[in-house]
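Shown next as structure tokens: one chain only, the form predicted on its own.
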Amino acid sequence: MEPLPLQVETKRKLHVLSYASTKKRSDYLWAYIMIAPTMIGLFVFYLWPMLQTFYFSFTEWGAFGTYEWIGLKNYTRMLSDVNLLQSFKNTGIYILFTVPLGIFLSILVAVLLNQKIKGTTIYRTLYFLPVITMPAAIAMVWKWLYNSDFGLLNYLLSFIGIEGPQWLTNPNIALYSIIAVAIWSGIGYNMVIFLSGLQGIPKTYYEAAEMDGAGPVTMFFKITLPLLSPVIFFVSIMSLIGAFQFFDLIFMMISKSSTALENTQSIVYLFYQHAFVLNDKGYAAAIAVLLLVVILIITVIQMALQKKWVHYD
């Protein structure tokens, strides 16, 4: 007896559904296999150390790697730590200068290099060179430039009768000397991001504005900046997080015995001192947790405020 047409159609649909379900499971399996190395890396190198750091922030370390639980003592100790307050002040000054000024100069360079001028590729390469140069090499070169006895900057200033300052040893100047290097070395990276954002803006907007009689300045503030605002927002978040973690230039350019060290050390440098010089790993872990919380709070504020000035259309 032959099956009814309805039974054949039902079997066909069930077969199709079964095949689709099997294929979907297979796709999910392969997807998990593909992202497994990244997930394992995130857990081993980021999440697990983060959990350990949080636990160690409640401990006090002794000799030979031993430690004991002390509760909130490391956090209460922060309230009277003058060095911590000073490092927050130094980091705040560093952020106030490097983030806004770095973004402004990066946009300026990106806009200039987005024009049809000769040698654009060479200029872009020159601006990007500091990004692919090791920070230690940059620090050593600038340390020589800043040298008060035989550095190039003071040598050039002597031609116009100016006695150059102690760029890296004067407590009132050293931090700003480092800020200048940080801005210079960071322009290339942000410039590339802004350049890609600029090239993603449709030319038709500029053509329509030009037909309406808008000048370059008007087009920049009415078209370029609003459409570039998502990129500016991204760069501001990344720059702020990076600025909170600045360490290498201080480590390489400021001597451990320099009188300017107190006025230049950042939060991360203070963390390094406690963790690897003073063997005070419990307090260092508490500093790291505090830094994480501060960055999280500021990032959340940035995410909330973006609705007021970032245009995604």
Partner chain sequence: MQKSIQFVRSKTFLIHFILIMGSIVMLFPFIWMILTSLKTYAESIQVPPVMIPEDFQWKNYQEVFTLLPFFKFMMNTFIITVLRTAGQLFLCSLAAYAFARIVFPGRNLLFVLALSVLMVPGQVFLLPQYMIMVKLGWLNTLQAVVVPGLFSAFGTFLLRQFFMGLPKELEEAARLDGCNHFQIYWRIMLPLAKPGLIALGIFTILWSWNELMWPMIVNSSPEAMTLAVGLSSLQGQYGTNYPILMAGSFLAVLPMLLLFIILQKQFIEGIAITGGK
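Positions refer to the first chain, counted from 1. Quick caveat, the model's predicted, so the values are computed rather than measured. What we label the rigid core is the largest C-alpha set whose atoms superpose within 1.5 Å from one form to the other.
The same protein has a further form, the form predicted together with the partner chain, not shown here; the description that follows concerns it.
K.L.:
Looking at the partner chain in the predicted bound form, do all three of Pro135, Leu145 and Tyr189 come within 4.5 Å of it through at least one heavy atom?
P.N.:
Yes, the whole trio is in contact, each within 4.5 Å by some heavy atom.
K.L.:
In terms of non-hydrogen atoms within 4.5 angstroms, which of the given stretches 116-124, 84-92, 221-229, 70-78 touches the partner chain in the predicted bound form?
P.N.:
Checking each option against the 4.5 Å cut-off leaves 116-124.
K.L.:
Hey, in the predicted bound form, does Pro130 get a heavy atom within 4.5 angstroms of the partner chain?
P.N.:
Within the cut-off, so yes.
K.L.:
Would Phe233 sit within 4.5 Å of the partner chain in the predicted bound form, counting heavy atoms only?
P.N.:
No, Phe233 stays farther than 4.5 Å from the partner chain in the predicted bound form.
K.L.:
Within a 4.5 Å heavy atom cut-off, is Phe251 in contact with the partner chain in the predicted bound form?
P.N.:
Phe251: contacts the partner chain in the predicted bound form.
K.L.:
Quick one: is Phe58 in contact with the partner chain in the predicted bound form, heavy atoms, 4.5 Å cut-off?
P.N.:
Phe58: no, not in contact with the partner chain in the predicted bound form.
K.L.:
What are the residues of 75-99, in order along the chain, with a heavy atom within 4.5 Å of the partner chain in the predicted bound form?
P.N.:
Nothing in the stretch sits within 4.5 Å of the partner.
K.L.:
Aligning on the core only, does the CA of Tyr46 end up 2 angstroms or more away between the shown form and the other one?
P.N.:
Superposed on the core, Tyr46 moves its C-alpha 2 Å or more between the shown form and the other one.
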